[in-house]
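Shown next as C-alpha coordinates: one chain only, the form predicted on its own.
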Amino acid sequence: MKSQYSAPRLYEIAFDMNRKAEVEFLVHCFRRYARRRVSRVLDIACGTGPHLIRLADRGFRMSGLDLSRENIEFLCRRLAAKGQAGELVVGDMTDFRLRHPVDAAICMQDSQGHLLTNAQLLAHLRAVARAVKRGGLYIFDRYMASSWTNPARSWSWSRRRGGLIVRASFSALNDVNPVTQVFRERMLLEAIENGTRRVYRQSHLSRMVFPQELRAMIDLAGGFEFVEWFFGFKPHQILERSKHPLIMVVVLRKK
(Lines give C-alpha, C1' and ligand atoms only; values in the text may rest on other atoms or scores of the structure.)
Protein backbone atom coordinates (compact mmCIF):
# COMPACT_ATOMS: atom_id res chain seq x y z
CA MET A 1 0.00 0.00 0.00
CA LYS A 2 1.18 3.54 -0.78
CA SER A 3 0.25 7.00 0.45
CA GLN A 4 -2.13 8.87 -1.85
CA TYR A 5 0.43 11.69 -2.00
CA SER A 6 2.55 9.34 -4.14
CA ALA A 7 -0.37 9.21 -6.61
CA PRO A 8 -1.36 12.84 -7.25
CA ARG A 9 -3.04 11.99 -10.57
CA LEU A 10 -5.50 9.70 -8.79
CA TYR A 11 -6.06 12.25 -6.03
CA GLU A 12 -6.77 14.95 -8.62
CA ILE A 13 -9.34 12.74 -10.38
CA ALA A 14 -11.05 11.73 -7.14
CA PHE A 15 -11.28 15.17 -5.53
CA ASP A 16 -11.46 17.68 -8.40
CA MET A 17 -15.20 18.17 -8.09
CA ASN A 18 -17.68 20.78 -6.89
CA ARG A 19 -14.95 23.45 -7.06
CA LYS A 20 -16.62 25.87 -9.46
CA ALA A 21 -18.95 27.31 -6.80
CA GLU A 22 -16.08 27.56 -4.33
CA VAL A 23 -13.98 29.55 -6.81
CA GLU A 24 -16.96 31.80 -7.58
CA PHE A 25 -17.25 32.50 -3.85
CA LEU A 26 -13.52 33.29 -3.59
CA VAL A 27 -13.67 35.75 -6.49
CA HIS A 28 -16.77 37.37 -4.94
CA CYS A 29 -14.85 37.89 -1.69
CA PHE A 30 -11.80 39.29 -3.50
CA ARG A 31 -14.01 41.92 -5.12
CA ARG A 32 -16.15 42.76 -2.09
CA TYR A 33 -13.81 42.65 0.90
CA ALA A 34 -10.26 43.38 -0.29
CA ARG A 35 -8.99 46.92 0.00
CA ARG A 36 -6.68 46.45 -2.94
CA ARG A 37 -7.02 44.92 -6.37
CA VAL A 38 -6.46 41.17 -6.14
CA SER A 39 -4.29 39.93 -8.97
CA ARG A 40 -1.75 37.61 -7.29
CA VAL A 41 -3.10 34.77 -5.09
CA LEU A 42 -1.38 32.16 -2.91
CA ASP A 43 -3.01 28.74 -2.54
CA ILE A 44 -1.76 27.19 0.74
CA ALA A 45 -1.74 23.39 0.92
CA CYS A 46 -2.64 23.57 -2.76
CA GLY A 47 -2.45 19.82 -3.33
CA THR A 48 -3.03 19.00 -6.99
CA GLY A 49 -4.45 22.46 -7.64
CA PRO A 50 -8.26 22.23 -7.97
CA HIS A 51 -8.65 25.86 -6.89
CA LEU A 52 -5.29 27.13 -8.15
CA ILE A 53 -5.90 25.94 -11.72
CA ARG A 54 -9.39 27.44 -11.86
CA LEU A 55 -8.20 30.79 -10.51
CA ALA A 56 -5.32 30.78 -13.01
CA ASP A 57 -7.86 30.15 -15.77
CA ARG A 58 -9.64 33.32 -14.63
CA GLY A 59 -6.51 35.40 -15.04
CA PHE A 60 -5.09 35.45 -11.51
CA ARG A 61 -1.33 35.07 -11.10
CA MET A 62 -1.01 32.07 -8.83
CA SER A 63 1.46 30.88 -6.22
CA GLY A 64 1.15 27.48 -4.56
CA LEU A 65 2.54 26.00 -1.36
CA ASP A 66 2.39 22.33 -0.42
CA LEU A 67 4.37 19.98 1.81
CA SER A 68 4.30 17.22 -0.84
CA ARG A 69 6.97 17.45 -3.54
CA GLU A 70 4.95 14.98 -5.64
CA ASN A 71 1.95 17.33 -5.59
CA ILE A 72 4.04 20.36 -6.55
CA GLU A 73 5.73 18.53 -9.43
CA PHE A 74 2.36 17.26 -10.66
CA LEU A 75 0.91 20.78 -10.47
CA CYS A 76 3.90 22.17 -12.38
CA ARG A 77 3.07 19.77 -15.20
CA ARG A 78 -0.62 20.73 -15.10
CA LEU A 79 0.21 24.43 -15.42
CA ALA A 80 2.77 23.83 -18.16
CA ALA A 81 0.25 21.81 -20.17
CA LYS A 82 -2.07 24.83 -20.09
CA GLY A 83 0.69 27.27 -20.99
CA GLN A 84 0.56 28.85 -17.53
CA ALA A 85 3.18 29.42 -14.85
CA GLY A 86 3.27 30.16 -11.13
CA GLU A 87 5.53 30.27 -8.11
CA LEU A 88 5.18 26.75 -6.69
CA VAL A 89 6.94 26.04 -3.41
CA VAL A 90 7.49 22.87 -1.39
CA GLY A 91 7.19 24.08 2.18
CA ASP A 92 5.56 24.05 5.61
CA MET A 93 2.51 26.27 6.09
CA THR A 94 3.83 27.38 9.51
CA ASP A 95 7.14 28.75 8.19
CA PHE A 96 7.46 29.83 4.57
CA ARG A 97 8.42 32.86 2.51
CA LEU A 98 7.61 33.77 -1.08
CA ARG A 99 9.67 35.66 -3.62
CA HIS A 100 6.70 37.94 -4.31
CA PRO A 101 4.02 39.08 -1.83
CA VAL A 102 0.42 38.34 -2.78
CA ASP A 103 -2.88 40.22 -2.71
CA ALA A 104 -4.80 37.28 -1.27
CA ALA A 105 -4.24 33.81 0.16
CA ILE A 106 -6.55 30.81 0.37
CA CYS A 107 -6.40 27.50 2.27
CA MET A 108 -9.12 25.07 1.27
CA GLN A 109 -10.46 21.62 2.19
CA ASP A 110 -9.84 22.13 5.94
CA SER A 111 -6.11 21.96 5.30
CA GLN A 112 -5.50 24.10 8.39
CA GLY A 113 -6.65 21.03 10.32
CA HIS A 114 -3.15 19.59 9.89
CA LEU A 115 -2.04 22.17 12.48
CA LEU A 116 -2.54 20.17 15.68
CA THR A 117 -1.80 22.86 18.30
CA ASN A 118 -2.64 26.51 18.89
CA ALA A 119 1.08 27.32 18.65
CA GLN A 120 1.19 25.89 15.12
CA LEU A 121 -1.95 27.81 14.15
CA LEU A 122 -0.43 31.07 15.44
CA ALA A 123 2.80 30.43 13.51
CA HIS A 124 0.73 29.75 10.40
CA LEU A 125 -1.32 32.94 10.68
CA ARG A 126 1.84 34.99 11.14
CA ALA A 127 3.54 33.32 8.15
CA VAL A 128 0.52 34.05 5.95
CA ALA A 129 0.41 37.66 7.18
CA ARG A 130 4.03 38.10 6.06
CA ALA A 131 3.08 36.95 2.56
CA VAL A 132 -0.07 39.07 2.07
CA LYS A 133 -0.02 42.78 1.22
CA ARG A 134 -1.85 45.32 3.37
CA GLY A 135 -5.55 45.33 2.57
CA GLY A 136 -5.36 41.86 1.04
CA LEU A 137 -7.38 38.83 2.15
CA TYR A 138 -6.90 35.42 3.68
CA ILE A 139 -9.82 33.02 3.10
CA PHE A 140 -9.99 29.48 4.51
CA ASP A 141 -12.49 26.81 5.54
CA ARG A 142 -12.62 24.75 8.75
CA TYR A 143 -14.78 21.97 10.14
CA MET A 144 -17.26 23.16 12.76
CA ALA A 145 -17.41 21.68 16.25
CA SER A 146 -21.09 20.92 15.64
CA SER A 147 -19.84 18.06 13.47
CA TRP A 148 -19.04 16.25 16.73
CA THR A 149 -22.73 15.72 17.42
CA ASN A 150 -22.49 12.76 15.03
CA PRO A 151 -20.15 9.74 15.14
CA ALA A 152 -17.35 9.19 12.64
CA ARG A 153 -18.48 9.92 9.12
CA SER A 154 -17.52 8.14 5.94
CA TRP A 155 -18.08 8.69 2.24
CA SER A 156 -17.45 6.53 -0.83
CA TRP A 157 -17.64 7.45 -4.50
CA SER A 158 -16.07 6.65 -7.87
CA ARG A 159 -14.99 8.68 -10.88
CA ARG A 160 -13.87 7.71 -14.36
CA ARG A 161 -11.44 9.47 -16.66
CA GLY A 162 -10.95 7.68 -19.95
CA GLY A 163 -10.06 4.07 -19.19
CA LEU A 164 -9.14 4.82 -15.56
CA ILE A 165 -11.62 4.26 -12.74
CA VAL A 166 -10.82 5.71 -9.31
CA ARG A 167 -12.81 4.53 -6.31
CA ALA A 168 -12.39 6.66 -3.19
CA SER A 169 -13.32 6.15 0.45
CA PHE A 170 -12.84 8.82 3.10
CA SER A 171 -13.70 8.90 6.81
CA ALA A 172 -13.31 11.66 9.37
CA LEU A 173 -13.93 12.24 13.08
CA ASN A 174 -12.41 8.91 14.07
CA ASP A 175 -11.07 8.66 17.64
CA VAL A 176 -11.93 12.24 18.61
CA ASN A 177 -9.98 13.53 21.62
CA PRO A 178 -12.26 16.11 23.30
CA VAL A 179 -9.37 17.83 25.09
CA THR A 180 -6.87 18.27 22.24
CA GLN A 181 -9.70 18.46 19.64
CA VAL A 182 -7.67 16.08 17.47
CA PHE A 183 -9.19 13.24 15.44
CA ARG A 184 -8.06 10.82 12.74
CA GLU A 185 -8.93 10.89 9.05
CA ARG A 186 -8.53 7.86 6.79
CA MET A 187 -8.50 7.70 3.01
CA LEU A 188 -8.32 4.91 0.43
CA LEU A 189 -7.95 5.30 -3.33
CA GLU A 190 -8.40 2.27 -5.58
CA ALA A 191 -7.35 2.62 -9.21
CA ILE A 192 -8.41 0.20 -11.92
CA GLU A 193 -6.83 0.63 -15.36
CA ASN A 194 -6.17 -1.90 -18.13
CA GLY A 195 -7.07 -4.75 -15.79
CA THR A 196 -4.56 -3.63 -13.14
CA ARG A 197 -5.66 -2.68 -9.63
CA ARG A 198 -3.64 -0.42 -7.35
CA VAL A 199 -4.55 0.68 -3.83
CA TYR A 200 -3.29 3.75 -1.99
CA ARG A 201 -3.99 4.41 1.67
CA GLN A 202 -3.39 7.33 3.96
CA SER A 203 -4.18 8.06 7.60
CA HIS A 204 -3.41 11.30 9.38
CA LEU A 205 -4.42 13.38 12.38
CA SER A 206 -6.47 16.55 12.05
CA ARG A 207 -7.73 19.14 14.52
CA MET A 208 -10.96 21.06 14.85
CA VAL A 209 -11.19 24.53 16.37
CA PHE A 210 -14.14 26.25 17.98
CA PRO A 211 -15.22 29.51 16.31
CA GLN A 212 -14.47 31.75 19.29
CA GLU A 213 -11.15 29.98 19.85
CA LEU A 214 -10.30 30.76 16.24
CA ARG A 215 -11.26 34.43 16.71
CA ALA A 216 -8.94 34.61 19.74
CA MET A 217 -6.08 33.06 17.76
CA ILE A 218 -6.59 35.59 14.95
CA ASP A 219 -6.46 38.47 17.43
CA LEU A 220 -3.38 37.02 19.16
CA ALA A 221 -1.51 36.49 15.88
CA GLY A 222 -2.00 40.16 15.16
CA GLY A 223 -1.57 40.37 11.39
CA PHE A 224 -5.21 40.15 10.25
CA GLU A 225 -8.55 41.67 11.13
CA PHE A 226 -11.66 39.53 11.08
CA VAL A 227 -14.05 40.46 8.25
CA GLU A 228 -16.82 37.82 8.06
CA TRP A 229 -17.55 34.11 8.20
CA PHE A 230 -20.08 31.94 6.40
CA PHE A 231 -21.63 28.47 6.49
CA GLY A 232 -20.11 26.95 3.39
CA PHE A 233 -19.33 28.87 0.23
CA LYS A 234 -22.56 30.87 0.25
CA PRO A 235 -22.24 34.67 0.47
CA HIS A 236 -25.77 35.04 1.87
CA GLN A 237 -25.37 32.45 4.65
CA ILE A 238 -23.69 34.21 7.59
CA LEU A 239 -22.41 31.76 10.20
CA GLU A 240 -24.33 33.18 13.17
CA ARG A 241 -27.61 32.91 11.27
CA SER A 242 -27.03 29.28 10.22
CA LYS A 243 -28.52 26.25 11.95
CA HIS A 244 -26.16 23.35 12.69
CA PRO A 245 -23.32 24.51 10.39
CA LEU A 246 -20.75 21.84 9.61
CA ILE A 247 -18.12 24.02 7.94
CA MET A 248 -17.15 27.66 8.40
CA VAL A 249 -15.52 29.75 5.68
CA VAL A 250 -13.58 32.65 7.18
CA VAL A 251 -12.53 35.91 5.54
CA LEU A 252 -9.65 37.90 7.10
CA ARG A 253 -8.03 41.12 5.89
CA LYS A 254 -4.38 42.12 6.35
CA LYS A 255 -4.00 45.12 8.63
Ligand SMILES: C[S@@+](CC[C@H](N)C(=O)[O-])C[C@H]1O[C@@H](n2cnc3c(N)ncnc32)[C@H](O)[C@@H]1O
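Don't overthink the numbering: it's just position in the shown sequence, from 1. Computed from a predicted model, the values in this text were never measured in an experiment.
The discussion below concerns the form predicted in complex with this ligand, not included here.
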**OP:** Could you work out which of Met108, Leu125, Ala172, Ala131 is the residue within 4.5 angstroms of this ligand in the predicted bound form, going by heavy atoms?
**Re:** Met108
**OP:** May I ask you to check whether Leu75 falls inside a 4.5 Å heavy atom distance of this ligand in the predicted bound form?
**Re:** no
**OP:** Give a yes or no for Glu87: in the predicted bound form, does one of its heavy atoms lie within 4.5 Å of a heavy atom belonging to this ligand?
**Re:** no
**OP:** Using the partner position in the predicted bound form, report whether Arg207 sits within 4.5 Å of this ligand, counting heavy atoms only.
**Re:** no
Original post:
So, in the predicted bound form, is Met93 in contact with this ligand at a 4.5 angstroms heavy atom limit?
Top reply: yes
**OP:** Name the stretch, out of 215-223, 44-52, 189-197, 30-38, where some heavy atom lies within 4.5 Å of this ligand in the predicted bound form.
**Re:** 44-52
**OP:** Quick one: name the residues from 169-205 with any non-hydrogen atom within 4.5 angstroms of this ligand in the predicted bound form.
**Re:** none
